[in-house]
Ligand code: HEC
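Encoded as structure tokens, the following chain is the form predicted on its own, with no partner shown.
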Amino acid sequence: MKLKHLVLATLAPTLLVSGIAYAQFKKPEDAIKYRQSAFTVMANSFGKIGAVVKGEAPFNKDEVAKNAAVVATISSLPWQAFGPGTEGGNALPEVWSDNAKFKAASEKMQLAVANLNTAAQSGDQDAIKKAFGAAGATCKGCHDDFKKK
């Protein structure tokens, strides 16, 4: 019986926050705008790192680290705006019909951008390039499976 209480006590804050997150969107359009805004901010900072990785911009360790930190921080935000009743925007119906796959993809991306952030903080250009490629692949995978073309 104690294990049951421990599990409930552990999950209660998460369930409460999830419920609040979904409740904050009065209309589906609000959720769509929110998640698109979060993805726009991430894409902007990710693109700046990409320009460095591709040799289109000079390597500045501090700038890369700053942009990687932004991407890592924002990467946890859009998912709360994909709750029930928030269908639409650029998201395909599979976000909701195959939510387990979508959730797994979001978690994979968040891990990849956390690894990019770690590499960027180290300043090791080779590690940054490798981590950037891995993070980009997770973004592409999610776009391929869950975003309208």
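Just count from 1 along the sequence shown to find any residue number. Everything numeric in this text was worked out from a predicted model, so none of it was measured.
In what follows, reference is made to the form predicted in complex with heme C (HEC), a form of this protein that is not presented.
Colleague: Can you tell me whether Q125 touches heme C (HEC)? I mean in the predicted bound form, with a 4.5 angstroms heavy atom cut-off.
Modeller: Q125 lies outside the contact set for heme C (HEC).
Colleague: Wondering, does G88 line up within 4.5 Å of heme C (HEC) in the predicted bound form on heavy atoms?
Modeller: Yes, G88 is a contact residue.
Colleague: Indicate whether heme C (HEC) has at least one heavy atom within 4.5 Å of a heavy atom of S106 in the predicted bound form.
Modeller: Residue-level check for S106: yes, a contact with heme C (HEC).
Colleague: Please determine whether Q36 contacts heme C (HEC) in the predicted bound form, using a 4.5 Å cut-off between heavy atoms.
Modeller: Close contact exists here: in the predicted bound form, Q36 approaches heme C (HEC) to within 4.5 Å, heavy atoms only.
Colleague: V53, A65, A114, I32: which sits within 4.5 Å of heme C (HEC) in the predicted bound form by any heavy atom?
Modeller: Of V53, A65, A114, I32, the residue with a heavy atom within 4.5 Å of heme C (HEC) in the predicted bound form is I32.
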